[in-house]
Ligand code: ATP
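What follows is one chain in structure tokens, specifically the form predicted on its own.
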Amino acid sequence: MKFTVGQQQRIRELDIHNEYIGQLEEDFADHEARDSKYKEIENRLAQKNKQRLEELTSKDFQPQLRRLTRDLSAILAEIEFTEVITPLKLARGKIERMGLTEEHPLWKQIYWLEGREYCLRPMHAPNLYDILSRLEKAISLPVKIFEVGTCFRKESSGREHLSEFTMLNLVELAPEEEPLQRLKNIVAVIMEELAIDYEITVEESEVYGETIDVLVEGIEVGSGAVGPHELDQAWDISHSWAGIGIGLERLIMAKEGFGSISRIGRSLIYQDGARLNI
């Protein structure tokens, strides 16, 4: 005899770090033994969720997502990156200038608006390209900018995906170092300041070709690329560059060992990792 479907679901909801995932298929001699074990696990997990909520409302006062955003802004300011704020709504033409067509896999993940002439941004890159092309002609080089904000994609369901997520995107135009080395140095500064262990791998991207991916606990939390790139001409960019995007919810998930990314995203069910109906 195993936990009921309802009992298994409740344990998953409360199990912040997937501590009990291996016990969900445990066999019991009878209903009494099963229900007793379930009540023991539920009480223990409910207490852990309550403790997290107490810490949030009496000590931290901000969820980790907000605190991470604040910390990243401070880190980037120290290495002279300027924060920019750009629109959530993108014109179809900007998506097409990123080399995306209706046949492209990412096209199907876009939230289209107003007769499909506009969409909710699936990435920061089009807006940052636009700003770089203007700043390149207006101020002295190098140009270093970043944005932290919400992006939207119809991602496949899973423990590491959200349809509404927070991205940090930064780019340095005309870096004084070789672009790839500069990119690795920027990643090192960020991760060391956050006290997070990481590794770098090389992957293939649907947009940028070869990318430098950042892994934390085996989970991809960021992806970077360098230019010149064939996309640059469409945006009138004429210098080399180094840039990276980091998913903040996924970074927190990996760092904290959360069982699901939904615990840390925008939610009416979870706050800062904790289930609200405990």
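These numbers were taken from a predicted model, which means no experiment stands behind them. Quick note: we count residues from 1 along the sequence shown, nothing fancier.
Not on display, but discussed next: the form predicted together with this ligand.
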(request) Considering this ligand in the predicted complex, find the one stretch among 55 to 63, 221 to 229, 37 to 45, 23 to 31 with heavy atoms no farther than 4.5 Å from it. (result) 221 to 229
(message) Would all three of E78, P142 and L173 be in contact with this ligand in the predicted complex, where contact means some heavy atom lies within 4.5 Å?
(response) no
(request) Please run the contact check for H161 against this ligand in the predicted complex: heavy atoms, 4.5 angstroms, yes or no? (result) yes
(request) Decide whether M167 counts as a contact residue for this ligand in the predicted complex under a heavy atom distance cut-off of 4.5 Å. (result) yes
(message) Please tell me whether any heavy atom belonging to E155 falls inside 4.5 Å of a heavy atom of this ligand, as the geometry stands in the predicted complex.
(response) yes
(message) Taking this ligand as it sits in the predicted complex, is G243 in contact with it (heavy atom to heavy atom, 4.5 Å or less)?
(response) no
